[in-house]
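This document starts with one chain, in the form predicted on its own, laid out as structure tokens.
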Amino acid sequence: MSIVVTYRFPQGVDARKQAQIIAVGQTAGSWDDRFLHRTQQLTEHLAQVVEVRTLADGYHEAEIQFPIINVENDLASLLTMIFGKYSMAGAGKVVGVQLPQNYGTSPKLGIKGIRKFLGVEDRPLIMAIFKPALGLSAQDHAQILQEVGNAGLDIIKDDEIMADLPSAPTALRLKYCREVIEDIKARTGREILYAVNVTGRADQLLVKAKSLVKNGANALLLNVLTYGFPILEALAADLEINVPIFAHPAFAGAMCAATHTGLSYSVVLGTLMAHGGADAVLYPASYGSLPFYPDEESKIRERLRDRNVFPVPSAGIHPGIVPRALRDYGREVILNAGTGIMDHPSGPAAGVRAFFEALERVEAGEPFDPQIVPASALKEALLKWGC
């Protein structure tokens, strides 16, 4: 059993030479006559260059096969092996990582578990973000949740910037929002997931997460890349944290956006998140407000789904993009909107209704031309954001 990693090199780089440097330098390294008696043992830890190819655009790709005995079935040792020291060597980017299906940590709930909890099986899920991001009180959060929850929202999350601040402490946000969730369930029978942003130092974060779950948190949000994959793995593996973990992509650009260095978005937000234990992963939609690549988006989507992880295209999502989103994702998607719900001309509740009206319109095969759509929350959204 092995791990296969694909590296991309620009023109002017001797890809075969660099691949051999990685294969040796990132594994056993070289040895001299003092260790000839250990040759067989050392060779078992060496990586092997499988293929080097030149692409149509002049770039080169090298596939390297790493022995799985070199790592600890986690993401930290994996990253250290495949790109640790070499990441400082110059032009060279990790664009693919093939892991055994049982490598790493699996989601506790994932697509199937989230759908079962919410009791929604036949449509995309609709998710909102508390806005404004900062400056709201805990009671303000509850009031917003009351509006969107009564309109039928499935999931809401803290903004990733919202830490455990004196203006709206995490435990207090949960307390007031939990009261709203219980009220809506008592009146309608519907569940709503509230992904609470779990923050703090590593020695505090796991304790805080357990406390939040004990006090009624039914989902957690984690800025995985700033806190580290080991934190995600620890949360996902802890049996007391029996709620879905929503992984936020904050800081991904610092790791992925460079053309010739770093790791591709599909590796970080797709492969690594899926093998790190996330239940749902947020990332920019290619037709949203952040620049993103359709091919990377499709790779992320498939790598997440392959491990029962919910894809959550985000950033600039509004009701007008629903036809494109359903064309690309079908029903196995969470549509995550911040301003696309909260800044609706008629208020957040209308923003939620606009999404459901959009889903119904797609299902009926009806056009989204705002001149044709009858007066409704959807029409207002289309006039504001387009389609």
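We number the residues from 1 along the sequence you see. Values in this document were obtained by computation on a predicted structure and should not be read as measured data.
One more form of this protein should be noted, the form predicted in complex with a further copy of the same chain, which is absent from this view; the next part is about it.
Judged against a further copy of the same chain in the predicted bound form with a 4.5 angstroms heavy atom cut-off, the residues 72, 250 and 258 are in contact without exception. Contact with a further copy of the same chain, judged by heavy atoms within 4.5 Å in the predicted bound form, is confined among 40 to 48, 349 to 357, 328 to 336, 56 to 64 to 40 to 48. Contact annotation: residue 176 falls outside 4.5 Å of a further copy of the same chain in the predicted bound form, judged by heavy atom distances. Contact check for residue 321: every heavy atom lies farther than 4.5 Å from a further copy of the same chain in the predicted bound form. Taking the partner from elsewhere, residue 169 is found to have every heavy atom lying beyond 4.5 Å of a further copy of the same chain in the predicted bound form. Taking non-hydrogen atoms only, residue 132 approaches a further copy of the same chain to within 4.5 angstroms in the predicted bound form. Residues of 222 to 240 placing a heavy atom within 4.5 Å of a further copy of the same chain in the predicted bound form, in sequence order: 223, 226, 227, 228, 230, 231, 233, 234, 237.
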